[in-house]
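In the form predicted on its own, a lone chain appears below as structure tokens.
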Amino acid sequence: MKKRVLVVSDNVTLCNAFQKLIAAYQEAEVVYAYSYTNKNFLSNKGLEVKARSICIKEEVESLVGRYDLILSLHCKQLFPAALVKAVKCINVHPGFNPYNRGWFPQVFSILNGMPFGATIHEIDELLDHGGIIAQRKISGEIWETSMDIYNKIVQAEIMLLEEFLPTILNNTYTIVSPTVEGNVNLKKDFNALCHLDLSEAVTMGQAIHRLRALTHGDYKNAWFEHPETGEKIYVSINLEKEEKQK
């Protein structure tokens, strides 16, 4: 009997990579979904999977009876306790647990110096908290922005999936519990970072770290308020490492 797997993702790169990896496992029957709040997911260029919109908290009862395994690949929804207690739920998380659990781990790692990395873990009732199946630490360089580091993390996640997907599908993996609770950052914490107070006194180093933490491609994250009109003025930073001549 095939294992019924639901993959809930809001990341096109991970979704496509997972589809290629799972193709080798004929014993798995996979359905793909994305968060109902992610209005642009299906219009993303390069999306190679068929997926449906889902609001997890409204479908718990039907999900429990329908799937043997639910995988979160950067899903932007919390999994209700009733779901994680009834179905094996596993998260691919762009952070090195237990550090900077929650929202945009790489952003806060740039700011607080905690490790960057990728973690695959079981989902429990708390945010990014369950037993760790596998993880990989990556380096973050001083000239790299949030986007640069995030892209490296996604590649680390794909490598972890390639290595540990067989044990996840067969439920033969082992878990390790973190020795400390770590820390959690929420969306409101990120939003607070985005507002740049022009009267705040910081060092040049602190300013650069904050701007590179908030620079993520075309996203309009960091902003300050125009002192006369009150309009938002968006800020990003471009960092380029000197190429040493040989």
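Note that residue numbering follows the sequence shown and begins at 1. Source: prediction; values computed, not measured.
In what follows, reference is made to the form predicted in complex with a small molecule, a form of this protein that is not presented.
*Asks:* Each of 13, 119 and 136 near the small molecule in the model of the complex, meaning some heavy atom within 4.5 Å?
*Replies:* No, the candidate spot makes no contact with the small molecule.
*Asks:* Contact with the small molecule in the model of the complex for residue 94, defined as at least one heavy atom pair within 4.5 Å: yes or no?
*Replies:* So residue 94 counts as contacting the small molecule.
*Asks:* Within 4.5 Å, heavy atoms only: does residue 80 come near the small molecule in the model of the complex?
*Replies:* No - in the model of the complex, heavy atoms of residue 80 and the small molecule never come within 4.5 Å of each other.
*Asks:* So, residue 74 and the small molecule: in the model of the complex, are they within 4.5 Å at any heavy atom pair?
*Replies:* Residue-level check for residue 74: yes, a contact with the small molecule.
*Asks:* Taking any heavy atom pair closer than or equal to 4.5 Å as contact, tell me whether residue 216 reaches the small molecule in the model of the complex.
*Replies:* Heavy-atom contact with the small molecule at 4.5 Å: present for residue 216.
*Asks:* Which one of these stretches, 136 to 144, 81 to 89, 105 to 113, 170 to 178, sits within 4.5 Å of the small molecule in the model of the complex when only heavy atoms are counted?
*Replies:* So the stretch in question is 105 to 113.
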